[in-house]
Every structure is written in structure tokens, then in C-alpha cells.
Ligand SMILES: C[S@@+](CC[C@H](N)C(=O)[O-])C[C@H]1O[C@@H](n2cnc3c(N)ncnc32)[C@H](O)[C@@H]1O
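A lone chain, given as C-alpha cells: the form predicted alone.
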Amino acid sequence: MPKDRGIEKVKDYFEDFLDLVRKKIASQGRVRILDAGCGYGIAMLGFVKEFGNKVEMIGFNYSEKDGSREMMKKEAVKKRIFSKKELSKIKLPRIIYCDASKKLPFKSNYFDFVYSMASIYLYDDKINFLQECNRVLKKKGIARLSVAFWPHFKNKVGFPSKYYEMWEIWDKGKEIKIIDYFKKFKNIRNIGKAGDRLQYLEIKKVKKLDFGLKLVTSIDYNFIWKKWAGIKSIYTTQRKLKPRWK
């Protein structure tokens, strides 16, 4: 997981995301934003620098080794986002620790925005996370998510192209393209420019988001080869089906 991506990458990946934040601030005064897989918190610091106390930034990581409050302070000074003196005068973003494949530790209807730049490829249950994003979003809330990591690494570490896709959906013995399956949901939009592959995804809040899928298994590529990264999540539409040998 790249831990030091800044607000400039949010601009690159998620189209007019910052403009949406500005408009929401103009209409309601203050917004609450979740950075899913925040790493060192560099992007969150960028939001604080850009919008001051008009944004409440909260991020999560799986563990402290992925990024902590102390690391965030060091990186802020190192990257000249804030000086030590400036850091002492601002409210730093919060970082909490959780497993993003399970229920997120936030109330429903809590965030105005959610974004995730480079962490979903490491989640065991990606579909559950997308459903959780919808749950924690407020009415008219928006999530913008980098749901694939293949555009960022490709063959830099000899990663086989057949493993680029980090998830599969199967229906009655046939594989369905992820991008085609998501087209059934009017609140979801592929905002990437990757043809028939998902790259960046937008979710607009709906009352309840249920993809109708069951996680069959997840495969950690790092167990296949030490230089590979990412977890493939395999789903079925047949949620009630039980394997006959069990």
C-alpha cells in the first residue's frame, strides 16, 4: 500500500472531488471526510491545509505499521506541508485501526465523503467494504474509490496480467465482468478510463446497497510470490448454495 500519496493524487484519480468538497462546504459550512487506507495521512493533511477547520478528516489503517499519528507529523514536516510550529496550532486528522473487510467502526450516515486511493486491492472482502461505504455516507454523500491497483504497478515487478483483476463474480458457473455487474446499480459509476476494466469507482448514497453477492474465498498473491501484492476476492451470486462436499 503506497503510504505517502498526497492530495494531488486525489485530484488526479477522482476528477472533481475537491470541487465537490468546496461546494458542500459552501452549502453547509463544514464537512466530514473518511480516507480509507490513509497510510501516513499525507492526503488528509493536504485537505486540512486546503480547507482548514472546515473539514474534519478521519482515516483508517489496518495497523500502526501502515501509518500512525507520529508518522503523520514527521511526514508533514519532511514534505513541508506544515512546519512543527504550524502543526502545534492545527487539529490533526484522526487515524483509527480496523479491518476494512468487516463492519467499519463508524455510525451510519456519518460522512459527507469517502475516498480510498490505494488500499482496496488489499481487502479480503471488497464488496462488503463498498456496502459499508454506502452505509456510513450521509444522505447525498459520495464515495470515490480506487478499486484496482493494476494501473499503478503493471509489470514493474513482473506481475502476470491474468492477476490484474483483484476480484471475480460467478453466476451459475459463468464468470461475469465486474464492470457489467455494477452497471445494474444506478448509484454506481465507473469514472476511470480503462475501457472494460474497473479503475476508479463512484458510489452515491442510497438507502441500502446490497450487491447480492457472497464471498467464496480470497487469495493473497503475496503467498504465491514475495514480490507480488494484492488480494483477489471471489464472489458468487448464489448466496444460499452450499458445496455438496460440506
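Quick note: we count residues from 1 along the sequence shown, nothing fancier. All values derive from a computational prediction rather than experimental measurement.
Not pictured, yet referred to below: the form predicted together with the ligand.
Every residue of the trio G37, C98 and A118 has some heavy atom no more than 4.5 Å from the ligand in the model of the complex. Among heavy atoms of F47, none comes within 4.5 Å of the ligand in the model of the complex. At a distance threshold of 4.5 angstroms between non-hydrogen atoms, Y200 is out of contact with the ligand in the model of the complex. Using a 4.5 angstroms limit between non-hydrogen atoms, I142 is distant from the ligand in the model of the complex.
The ligand in the model of the complex comes within 4.5 Å of no heavy atom belonging to F211. With the partner removed from view, the residue among Y181, Y221, F51, Y62 that has a non-hydrogen atom within 4.5 Å of the ligand in the model of the complex turns out to be Y62.
Residue heavy atoms within 4.5 Å of the ligand in the model of the complex occur in exactly one stretch of 120-128, 165-173, 74-82, 133-141, and that stretch is 120-128. Counting a residue when any of its non-hydrogen atoms is within 4.5 Å of the ligand in the model of the complex, the hits in 3-17 run K3, D4, R5.
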